[in-house]
Structure formats: C-alpha cells, structure tokens
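Heads up, the chain shows up twice below as structure tokens, two forms, tagged structure 1 and structure 2.
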Structure 1
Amino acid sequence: MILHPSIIALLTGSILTSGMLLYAAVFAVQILRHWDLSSGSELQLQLERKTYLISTLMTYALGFQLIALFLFIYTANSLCSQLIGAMCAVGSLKANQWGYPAVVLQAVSFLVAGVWLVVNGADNRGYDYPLVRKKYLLLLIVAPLVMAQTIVEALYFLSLKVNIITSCCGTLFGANVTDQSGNLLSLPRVPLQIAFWGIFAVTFAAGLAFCLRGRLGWLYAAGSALFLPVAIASLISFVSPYVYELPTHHCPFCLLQPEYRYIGYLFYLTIFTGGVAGLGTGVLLPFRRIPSLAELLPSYLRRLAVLGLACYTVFTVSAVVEIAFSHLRI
C-alpha cells in the first residue's frame, strides 16, 4: 500500500459510510416489516423518531459518496508520479486488477446514491412520509453496492506497490488499440455524433416541455438516462482529441490534468449530476398523485429537470467550445 493522504481519507470515509449504511439497512428491514402510520403503537413511534436520525445520517454518508468519485479519480491521477510507466489515472488504475472495477463501482454508487438523496428529498416534503417504504427499499440496494465498492477500493489501494511497471494511457486509448479498452474508439464517429446530437435535442425538448407544461416527463427521464453513456462515449471518442489537439489521444483521464485546465472535472461533474437529476425525475414521476405530494412534487420535479437540463447544456456547450477553438481539424 502507498501511504497517501487522499488514500487514507478515502478509505476512512468509505469504511465509515459502509458502517452507517449497514446500520441503516438493519433499520430499513424494520421499516419494511413494521411501518404502519395509522398505528399509535410504541414501536411505530420509535420508528418515526428514528427515521429522522437515519435520514440525516444517510444524507451525510451518501453526500460523501458523491464527493468520493471525484476524490478517487483525483487520487488515481496523483499516484501516477509514484508508479513506473504511469502518466495519468489510466496507468494508476491499471497497476492491479482492482483499479477499473473500483472506478466503475464508484461511478455506479454515485448515481444510485444521488437518486436516493433525490427520493429522500421528496419524501421529506410530505407530511405523512409517503415514500418511506420506497426509499428504504432502495437503501437495501444502495447499501450492498457501496459496501462492495468499499471492499474493491480497499483491495485496489492495499495492492498498490511502487515497484510495479504499469501502462500509460497511450497503450490503452491510442489509435491502434485492439483490446476491450479500445471499444469506445472503434465506434463509428459519424453515427455516434448523430446519436449524441439527436439524444441531446430530444432530451432538451422533452425537458423544456416538462418544465413549462408538465408533459413528456417520461421522455425526458428516458432521454436523460440514455444521454449519460452516450455523452461519456462521445467525450472519449471524438471530443477529447480536440482538447488534446492530437487525433490519436483519447484518454478520459488526461482531461483532469492541469495542462488541460482541469476541464475533465467540468465534463464529468455535469454528466453525472445531469444523470442523477434525470434518473431521479423518472423514479419520482409515478408518485405525483400521492395526496401529500400532489401540490409539492411537481415543483420539485421541475427544479430537478432544470438542473438536469442545465448540466447537460453546460456539458454540450463546453464540448462545442473546445472543438471550435481547438487547432485540431479532423
């Protein structure tokens, strides 16, 4: 293991988060088995009081989970100077078999944790805890996922050794890559661009209609969920070369380096935040007719949709600006 402040912070935070989630999962089982708002029993009163504590704990724990994705990537980038052959996070993650599973689990945990926070925010607006069973059922999905991510992350950091020779991003995201890491590069450029612009246009139009008239919410949510992977694929396949001004360089992590103005953090933050807002909108749409949420939820959903549209628009405009002002012409 390499002793690094970010590694210690990540592992400590992840272990504490997993511990809180395990405690909350036990409480979630009690909620699913015994929750009955019409009952005045002592058990029901205890559950109602305890749900405030659990919701607060989960807000902080899953809030850390959102930050942890970017802290993990930052840490992987900073470790490249200590590993032979590494030039960015690609080499650091390739240093052992746990690196890429860890970053994938971090990304999935970000999305699921974000959706739980969105559902919890909606539930807190109702006077009768209208989504309490739903959010604790979702918590039983979040908890094992985050705990698995913590285990894989710990295995990755504990297996790191400074004397390992790893690969640079040129061998994994170069022009002649033939293994699985080059799958995104092999996607046809023109069809991918058409998909990118088409899905963005549909998502933006549906989101605008939903914000203004409350219609096409399902189309916006579906388009937002689809735009997330397409945006990542497009960023790697045809946007990043314009940032690097090198047609053979497609690395998704060099974008986070200071020589490229840390533009990658803006790209990934807007993609994942927009994804959470869109997915959260889709999850909450079926509950608009619950009496205690009928007046409050539409405005909450509109704010989510505005956030999602703003994030995806910022990403798209930033990508266009990078392409337009690049000296590279393909």
Structure 2
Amino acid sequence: MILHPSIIALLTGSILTSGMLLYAAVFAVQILRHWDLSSGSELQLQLERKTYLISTLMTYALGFQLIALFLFIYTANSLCSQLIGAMCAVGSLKANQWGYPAVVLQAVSFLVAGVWLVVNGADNRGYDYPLVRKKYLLLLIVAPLVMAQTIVEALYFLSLKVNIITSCCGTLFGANVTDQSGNLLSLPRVPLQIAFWGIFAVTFAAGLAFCLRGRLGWLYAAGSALFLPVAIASLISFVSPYVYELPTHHCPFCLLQPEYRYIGYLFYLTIFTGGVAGLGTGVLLPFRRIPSLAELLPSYLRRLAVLGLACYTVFTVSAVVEIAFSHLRI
C-alpha cells in the first residue's frame, strides 16, 4: 500500500460518491415500488420531493467522477517513479491486475451517469414523469458500477508494492525489469484511420440530418456509440505519436501532461462529452412518441445532437491540427 496524498484524496472521493449513489439507489427502489402519480398521498409527495435530491446527488456525482478520472490518471502517472520499470501511467496501471479495470470502470460509470442525467433532463420536461421507471432502473445500474469502481480502485492502490532500497542490497535483481513505456498498443494504423474517418463522416452526416430534419437519428446514435471507442483507439494508434513526435510512443495518458500543452484534456473532454450526448440521444430516441414528450423532446434531442457534433468536430479538428503541426512525419 502506498500512502500518497492523491490516493487518499481519490479514495475519499470515491467512497463519498459511492455513498451518495447508494443513498440514491435506496430511494430509487422506493420510487420503483411505491410510485403512483395519480395519488395525492403524502408518500407520493415525499417521493416526488426525493426526485429532486436524487437529481442533485447524481449531478454532483457526475462532476466528481469527471475530476476523479483525471486525478486517477495523474496519480498513476506520478506513482510510476515509485514502481520499478514503470515509465508513465501505463506502467503504473500494469503494476497489478486492478489498474486497467479501475480506469475502464471509471470511464464507463462516467458515461452511464452522464446518460442518466440526459434521461433525467428529458423526464423533467414531461408533465407526467414519463420515464420515471426507466430512469430509476438505470440508476440501479449506475450505483453498483460506481461502487464496483470504488472497490477496484481501492484494491489497485492497496495492492501496490513500492520498490525501495533496503539495507541488505541495492539494485533489486528479483524484479523483472521490462520496459513498460508508452507502447500500450500497436493497433493497425491504416484500417483504423479508415474506420475513424468513415465513422466520423457517417456520424457527422447523420447528426446533421437529425438536427435539420429530425431523421437518421438511429444512425447518428449508432455512429456515436462507435465513435467513442474508435476515437480512443485512434488517439493511441495514430494521433499520439504526432503529439509526442516519437513514432513509437503511443501512450494515451501522457497527452495530459503539461509538456504536450494539456492537449489530452481537450481530447478526452470532447470524446466523453460527445459520448454522453450521443448515447443519450440514442437512449431517448424510442421515447419521442410519448405524448407528454412529443412536443418537447425533439428540440431537446436536437440540442443534444448539436452538442455531440460540436464535440466530435472539435476533437477531430484538434487531432488534425496536432498531426499537421507536428514535426514528426511517418
């Protein structure tokens, strides 16, 4: 176990966020069991008031998750100096089997919590709580995800072992020193480039059609769902070497470092915000015909789609700019 200030902060944050979600989940169960809009009973009034609390808790949780995601990567990065063979976050995360699951869980729970808030925003527009059951069922997925993330994160930090000098010997021969610099993945470059541009073009066109005509929503949502993983893979495979100006460096995390003008923040913020907007659109599409939403949902979805498109465009343009102005030529 390493008693690092950031680790204490991250664990505190995760435990508090899990606590908030657990609290919210308890009320979600109550709402699922006792919800009856036609009743004017005090229980129903109580439950309706609780929905405000749950929205607030979820909004805070999402904000905390976003900051935690970046702090987690940063912490992994700074831990590498204490772990043998680790050159950056990639190595630190490989130090035990919990590192990568923790990152993935964090990203997934952020996305699902974001989609929850999008659904919540739509539900709040209908005068008869049209999505209330679906929303709280979804909450019952978010809460365990965040709790699982907290546990995996704790396991990761608790089972880290520092390699420090002991009095008996200096260099530790026992540790298998393998070079774990940024060579996370060497994905095929050309097929990925084709996939990236293809998906970007399709998503962009479908999104535009959806914004202007309200059509091709499904295509846009499917494109968004694919864009997220493909954008991350592209970042690792063919964007990052240009940023680092090193053909062999593919680290997805070093992008966040000051040396690279914090460009990673822009990349990941646009990918994840776009992901939430795109997935949210997809999740809400089937509910366009609900009477209480029919009037308001289309404009809400259109705004979401505009946000998603803006994010994808900013991501793509900044990636192209990075590549164009890089001194590296492959």
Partner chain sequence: MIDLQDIQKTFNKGRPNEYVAVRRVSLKVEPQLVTVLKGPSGSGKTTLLSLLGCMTRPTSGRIFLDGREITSLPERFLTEIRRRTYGFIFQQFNLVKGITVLENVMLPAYPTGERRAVLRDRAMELLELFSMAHKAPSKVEWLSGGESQRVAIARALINDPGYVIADEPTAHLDTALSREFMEIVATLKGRGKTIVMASHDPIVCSEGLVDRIVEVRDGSLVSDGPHR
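Think of the rigid core as the biggest set of C-alphas that the two forms share within 1.5 Å after superposition. Everything quoted here is computed from the prediction, not taken from an experiment. Counting starts at 1 with the first residue of structure 1 and goes up one by one along its sequence.
Each of the two structures shows the same chain on its own, and it is structure 1 that derives from the form predicted on its own. The Cα shift for residue 255 between structure 1 and structure 2, taken after rigid core superposition, is smaller than 2 angstroms. With the core held fixed, the Cα of residue 9 is displaced between structure 1 and structure 2 by 2 Å or more. In the core-superposed comparison between structure 1 and structure 2, residue 300 has its Cα shifted by less than 2 Å. Its Cα shifted by 3.0 Å, residue 76 is compared between structure 1 and structure 2 on a rigid core fit. After superposition on the rigid core, the Cα atom of residue 42 is displaced by 4.4 Å between structure 1 and structure 2.
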